[in-house]
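In the structure tokens that follow, a single protein chain appears in two forms: structure 1, then structure 2.
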Structure 1
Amino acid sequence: MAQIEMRNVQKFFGANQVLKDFHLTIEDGEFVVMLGQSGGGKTTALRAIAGLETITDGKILINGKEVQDKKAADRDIAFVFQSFSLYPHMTVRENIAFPLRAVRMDAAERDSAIKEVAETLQIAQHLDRKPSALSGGDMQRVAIGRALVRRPQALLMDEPLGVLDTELREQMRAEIKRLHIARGSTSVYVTHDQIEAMSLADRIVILHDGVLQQVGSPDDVYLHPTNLFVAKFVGSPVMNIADVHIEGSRVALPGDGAGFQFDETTLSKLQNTGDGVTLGIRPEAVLLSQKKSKGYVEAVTTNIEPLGSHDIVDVRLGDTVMRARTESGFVRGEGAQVWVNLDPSQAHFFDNKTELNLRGGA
């Protein structure tokens, strides 16, 4: 098992910089998920660790040893591809044996290693079949088996569930987590799916345009986003965003100026910035009430999405539409009158210029 460190890593593809001064330390046995949009640099970062991509500048260390100039074969890490990348001309057994043949492990040892992995992954009955005869989930199990069989220092996975259907994806997600816990291997996982990231990660690394945005536990990135990008990217439905200004002790929305009370400390932080402020608040922190009460502002519902376990209700406050999460059936229909308040502890404010969270984030 291993600790992986990236220091000042820069990567250019031609004039296009895809990793900008990338710093990250992945602890031994940790499950780190790199999350971001496509083209954000997360796959490049993963491939750089694996040695499939050279880096333009900086250092990559595995267990304290510099590996940036070493070949992929000499880094002792395993890689699971989105396309599974099973060799079609080999059986499942040969596929799993392939990395062991590279190190010339003797036959008996090899057989027992294959058997063990196959049993862990419940693919023992498929060992003599060709990959093309397997279902998507089993292909993925074989791909993971091939990666794990030689007990690598670290397991790198590039959107390994990307091509599976939803049900299978949930099932495999659970299996990957179980496997990680059982084996305790250092794992780095790339995805654009925030649910995968939240459910699997010890820590999430959020990348955008090659720049590391935030590193933190799933709770951290959800509750304390460091900047507007993270705030908008994590969470579903997405966080409500609105341009606001400060009127006395209130934070006011544009338009007719519906506003909400905030405490002095928060307000003073907001007043220190000269570039204007954006409010970010998650749907579950938008509070609805059927009757007028203190601090609540009148609003009209414009759309309701009943999702079974809860409803997502769109409410119009002046020119702003906000989405609120309510218990199901809380609002009867569109055009209904409701009163809205914000949970001040869950409100985020972002500087319009730097886009940083003014309440400090993580």
Structure 2
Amino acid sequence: MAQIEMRNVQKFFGANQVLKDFHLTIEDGEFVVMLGQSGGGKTTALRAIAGLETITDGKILINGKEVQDKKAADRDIAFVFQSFSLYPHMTVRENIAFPLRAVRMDAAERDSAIKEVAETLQIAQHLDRKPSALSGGDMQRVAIGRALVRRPQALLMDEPLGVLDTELREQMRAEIKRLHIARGSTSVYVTHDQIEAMSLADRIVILHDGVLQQVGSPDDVYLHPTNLFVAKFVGSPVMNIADVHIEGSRVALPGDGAGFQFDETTLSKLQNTGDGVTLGIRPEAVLLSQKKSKGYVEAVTTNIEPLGSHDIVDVRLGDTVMRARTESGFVRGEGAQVWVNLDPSQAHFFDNKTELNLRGGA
């Protein structure tokens, strides 16, 4: 398989720079997901690895050898697109065999390779069918099989589940992860869907406006966001964000005079530019109580979203509305009186100017 390196890669489309000093190492056998908003540069980075886009500057290495000047066909990398891109006049067998015929593989060896990949992807029963007779999930399996059949050094996937419905996406997500584990292949996967990223990745690479924001395990990027963009982008519901005033051990929200008590030593270590501080805290760290308790601040619920396994409850604190995750049915309706506290261990503080996490992403 392959180790892939991108060293200080720059990519311009005319005057528009879509990759800026992009530096990343993907280890042999690793499953890396590139996550970001549309136009963030993730697909361009993937296509640059594949050789489908030339880079303006920098280096791309596969197993230590520079490939930025090599054609896509010479990089021994397979690419799965969002659209199935199957040949409609060919059977499944012929579609999978296409890259093997291109390299003139012996017929017996070719048949053995097709059988192996079809059984792995559970599409052996469809080998003599045309793509039009298959479901969306099976067509994507065929597209993946065609990419894997020649055993490439790495498998690159550009939103391969984007055209599938929710149930098929979940099934195929599990299949892709199972396939990666079984083959131990180096896999690079692009998506804007954070559920796919969190469930598939060994490491997540987050891009925004062509700039690498953070690289880390799913837990790292969720629990320890490097900056405000990552904090707001990763997580559903999104992280609660509010400008705050810190005085001693008290963290006060706009329009809320009571504030919340934190460890003064921790707060004193926050080094910022003097342009103010933004608090970030996830809904599960917003604690609700139905009775007055020490450290809790009185609030009123403004909205309830019942989600089956849990509820998302909006509460108003001064001028700020915060979202809390509670057990199902914990609050009966809007306008209810509750008491709120924040879990200090899960609170993040971001510099208003640099937007960096003032607790060092930890």
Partner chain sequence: MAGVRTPRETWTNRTAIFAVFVALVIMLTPIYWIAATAFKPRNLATTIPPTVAFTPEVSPFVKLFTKRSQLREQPTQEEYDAAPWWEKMVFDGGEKVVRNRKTGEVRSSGYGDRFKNSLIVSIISTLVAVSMGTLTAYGFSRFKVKGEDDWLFFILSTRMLPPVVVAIPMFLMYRVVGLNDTHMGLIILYTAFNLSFAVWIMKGFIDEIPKEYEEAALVDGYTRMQAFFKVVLPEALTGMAATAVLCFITAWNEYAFALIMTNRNAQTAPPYIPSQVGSGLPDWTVIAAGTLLFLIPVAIFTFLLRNHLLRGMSFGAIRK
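Throughout, residue numbering runs from 1 along the sequence of structure 1. In this text, all values refer to a predicted model and were calculated from it rather than measured experimentally. We call the rigid core whatever largest set of C-alpha positions still superposes within 1.5 Å between the two forms.
The form predicted on its own corresponds to structure 2; structure 1 is the other form.
Superposition on the rigid core between structure 1 and structure 2 places the CA atom of Pro88 2 Å or more away from its counterpart.
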